[in-house]
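Just the one chain here, laid out as structure tokens, in the form predicted alone.
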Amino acid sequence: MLTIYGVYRSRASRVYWMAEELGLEFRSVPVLQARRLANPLAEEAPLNTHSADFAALNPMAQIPSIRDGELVMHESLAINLYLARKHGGPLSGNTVEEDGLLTMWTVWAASQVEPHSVRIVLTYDNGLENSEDGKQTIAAACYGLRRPFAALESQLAGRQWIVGDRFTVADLNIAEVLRYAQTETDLFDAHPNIKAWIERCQARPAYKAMQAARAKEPIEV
């Protein structure tokens, strides 16, 4: 059985969504981010990214990780590409060319989008969005997203999904990276193709199931 290590309020959400899309039976092992704990190495601390047991699984001390049989993997977007390829179906590539495009767009999301979108979500997570520094950080991140948004807006012109004629792992991966920036409604309003596309992604039953599980997790530890 697939085992997913990580909490829903983390990048593990992407893997949980993917598992729901594929209809996979999985075991969830909650692993908290160490930064959320006052003393992550305390004897009574819950399992977290600095715990010795988890560090033995993932020396990078980051979530999510998975165990699938004998395979151990890290990096949420790579995990999703692996799961799509292993289980096949509409979320995976139908041809080697489509498979290449799924990888290309996923790497694009990680390299061109997430460095900016994560700055936005962390500013909000730290309650700094209304401070001068926070506003400047968000403005700089939105500026950095201008070119990636223009590229994705063009890719979605006249089509429903990013690759092929169906929802794929590329849509899931990119939608999760862009979710970090959804507080900036003006950015999405200025790109109607992206706005309509992410609404389609987030209307899917598997996404809603992931979010329902996420909502049950406490915000504060």
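In this text the structure is predicted, and so the values were computed from the model without any measurement. Start at 1 with the first residue shown and count on from there.
In what follows, reference is made to the form predicted in complex with a small molecule, a form of this protein that is not presented.
Checking 54 to 62, 22 to 30, 164 to 172, 192 to 200 against the small molecule in the predicted complex, the stretch whose residues place heavy atoms within 4.5 Å of it is 54 to 62.
Ala34 belongs to the set of residues with a heavy atom inside 4.5 Å of the small molecule in the predicted complex. At a distance threshold of 4.5 angstroms between non-hydrogen atoms, Ser76 is in contact with the small molecule in the predicted complex.
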